[in-house]
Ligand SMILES: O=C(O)CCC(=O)C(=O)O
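In the block that follows, a single chain appears as structure tokens, in the form predicted alone.
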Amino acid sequence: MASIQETYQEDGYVVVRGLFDPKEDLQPLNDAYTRLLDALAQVYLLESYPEGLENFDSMSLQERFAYMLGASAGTALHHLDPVLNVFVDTYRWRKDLPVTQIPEMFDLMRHEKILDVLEQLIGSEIFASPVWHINMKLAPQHLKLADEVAASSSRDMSDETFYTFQVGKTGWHMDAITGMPDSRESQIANAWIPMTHARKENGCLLVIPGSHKGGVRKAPFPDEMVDRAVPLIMDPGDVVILDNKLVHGATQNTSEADYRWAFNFRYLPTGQPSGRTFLPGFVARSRSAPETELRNPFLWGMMWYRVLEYISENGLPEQFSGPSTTSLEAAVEITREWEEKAPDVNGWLQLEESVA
């Protein structure tokens, strides 16, 4: 039987069944994030669609999420997932909302069970990338509900670049293409962690074994490659580790009312470019220098608060034209500048708050 290292190297992914205890390891984040979503939904509804609060307490999680999307015209995703949205034209940071980088997410991100698996794949010096996402795939009726709430609020979600990608259909893509080009050879591993069951009907992952071996490239991908796709049927507690160059997507959520909720966290060997060097990552594990590990979740949250405040005032790096369009020369310069600007946790916390 192949080891997880051999499977990962050959296929570009490895599924670890039952890595987490759903109640002990996942439920704290499930509960805390649900409370956060409820708070955000209430704020957005009060602002744009107060009638939506009439039956709020009796709504399901997916209904509340849909109402929040509609009332915010999709911009709630900017707050929940700044990594994906910070460089779109419609992005606007809201410092008046509770931060979404909560301690329970930080705790799962640096949980020893996932770090033990990663150590076998990328080594013992593990950096938690600033690239992380929440994935909430809604059923058609709830996507329709979000559209109806937006229309009732005279809002339009058509300009939201990543809206469909995040809550609807996720097409074929390679994560490596979304990072600045100086990170293309970094050993980035994506830990995809389902909070709910993931089935073909509600939006499970689709992966193409071995597709990580062909180098970094954009869609579309050859039909003969796509025909080799494998659905990953997973339950809470399971984890799949994806190579950054693996081509993958997700099935359409065609269920009547089900939803698929997952987090994905990226990791790489400390010292390698992350692809978003102007956003804060941290040392999650270091066997050689354990004192460099970040263990305080509130510092992580403040690092994100500071950088989003900084970007809202100063903008993105001048040389940055987009994840896949920034030149290699510009990416190297951006990485150098930000390594000087924020070489450690204290550097992120001391970012200037206004335009120089």
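So that there is no doubt, residue numbering starts at 1 and follows the sequence shown. Predicted, not measured: the structure shown is a model, and the values here were computed from it.
There is another form of this protein, the form predicted together with this ligand, and it is not shown here; the text below is about that form.
Asks: Looking in the predicted complex, is this ligand within 4.5 Å of a heavy atom from each of S124, S186 and Q272?
Replies: Per the other structure, none of S124, S186 and Q272 touch this ligand.
Asks: Quick check on W93: any heavy atom within 4.5 Å of this ligand in the predicted complex?
Replies: Heavy-atom contact with this ligand at 4.5 Å: absent for W93.
Asks: Would you please decide whether K144 lies within 4.5 angstroms of this ligand in the predicted complex, comparing each non-hydrogen atom pair?
Replies: K144 lies outside the contact set for this ligand.
Asks: Does this ligand come within 4.5 Å of any heavy atom of H173 in the predicted complex?
Replies: It does: once this ligand is placed as it appears in the predicted complex, H173 has a heavy atom within 4.5 Å of it.
Asks: Would you classify W192 as touching this ligand in the predicted complex, given a 4.5 Å non-hydrogen atom cut-off?
Replies: Output for W192 is yes: heavy atoms within 4.5 Å of this ligand.
Asks: Among 226-234, 82-90, 110-118, 260-268, which stretch has residues whose heavy atoms lie within 4.5 Å of this ligand in the predicted complex?
Replies: Contact criterion met by 260-268 only.
Asks: Just give me the single entry in L205, L138, M180, V247 that has a non-hydrogen atom within 4.5 angstroms of this ligand in the predicted complex.
Replies: Here the answer is residue option L205.
Asks: Scan 150-167 and note down the residues that get a heavy atom within 4.5 Å of this ligand in the predicted complex; none is a fine answer too.
Replies: Only F165 sits within 4.5 Å of the partner.
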